[in-house]
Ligand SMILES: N[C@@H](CCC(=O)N[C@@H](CS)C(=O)NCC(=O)O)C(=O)O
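Starting off, we have a lone chain in the form predicted alone, written out as structure tokens.
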């Protein structure tokens, strides 16, 4: 059987896939490179991911891109506590993954860029403030979903939590004020405090 290959640097969305692979205890090869090397535009990589973005995986003859979709695939394939146990859990895991991508990711990234990623002279706190305001509604939704439970489904840490916290966690990394959502902040602490999260990010 071919070994799983994960393409992309720790400080990209690839860290989400590495985190999942580590939580699942998978044996994998990590092709560690960043956009800045030009490696995403080579013919070899474009044959794996024609979008020229990170991450991507090869699992035997299968090539996949999009970090959250990759994680759903790995969790469904390898199962265990991380994976969905029935159709209802598969639906919930997919729901929260799509929700994170559509409702949170781009806005949280704007905040993160203007707090940490851009050169200091290019950062704009007005953009951060606007992003924080736009995130209030989806973060309220997530906070309510966690009102009576520690994790999003099944009473355990799963792909639903990993995918959603990997995205929503950008708001925490950007040091946004999350005090209005105590269920959310406690859940983020549980998820992002896992040792394998830090390892996946190169720590």
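Positions refer to the first chain, counted from 1. Keep in mind it's a predicted model, so treat the numbers as computed, not measured.
Omitted from view is the form predicted together with the named molecule, to which the following refers.
Chemist: Can you work out whether residue 169 and the named molecule are in contact in the model of the complex, taking contact to mean some heavy atom pair no more than 4.5 Å apart?
Modeler: Answer no; every heavy atom of residue 169 is more than 4.5 Å from the named molecule in the model of the complex.
Chemist: Should residue 52 be classed as touching the named molecule in the model of the complex when contacts are defined as heavy atoms within 4.5 Å?
Modeler: Yes, residue 52 lies within 4.5 Å of the named molecule in the model of the complex.
Chemist: So in the model of the complex, is the named molecule close enough to residue 185 to count as touching (4.5 Å, heavy atoms)?
Modeler: Residue 185: no, not in contact with the named molecule in the model of the complex.
Chemist: Is there any non-hydrogen atom of residue 66 lying within 4.5 Å of the named molecule in the model of the complex?
Modeler: The answer is yes: residue 66 has a heavy atom within 4.5 Å of the named molecule.
Chemist: Among 2, 7 and 28, does every residue place a heavy atom within 4.5 Å of the named molecule in the model of the complex?
Modeler: No, because 2, 7 and 28 lack any heavy atom that approaches the named molecule to within 4.5 Å in the model of the complex.
Chemist: Since the chain is shown here on its own, which stretch among 131-139, 174-182, 54-62, 145-153 would lie within 4.5 Å of the named molecule in the model of the complex, judged by heavy atoms?
Modeler: Of the options given, it is 54-62.
Chemist: Taking only heavy atoms into account, state which residues of 8-25 are within 4.5 Å of the named molecule in the model of the complex, ordered by sequence.
Modeler: Result: 12, 13, 16.
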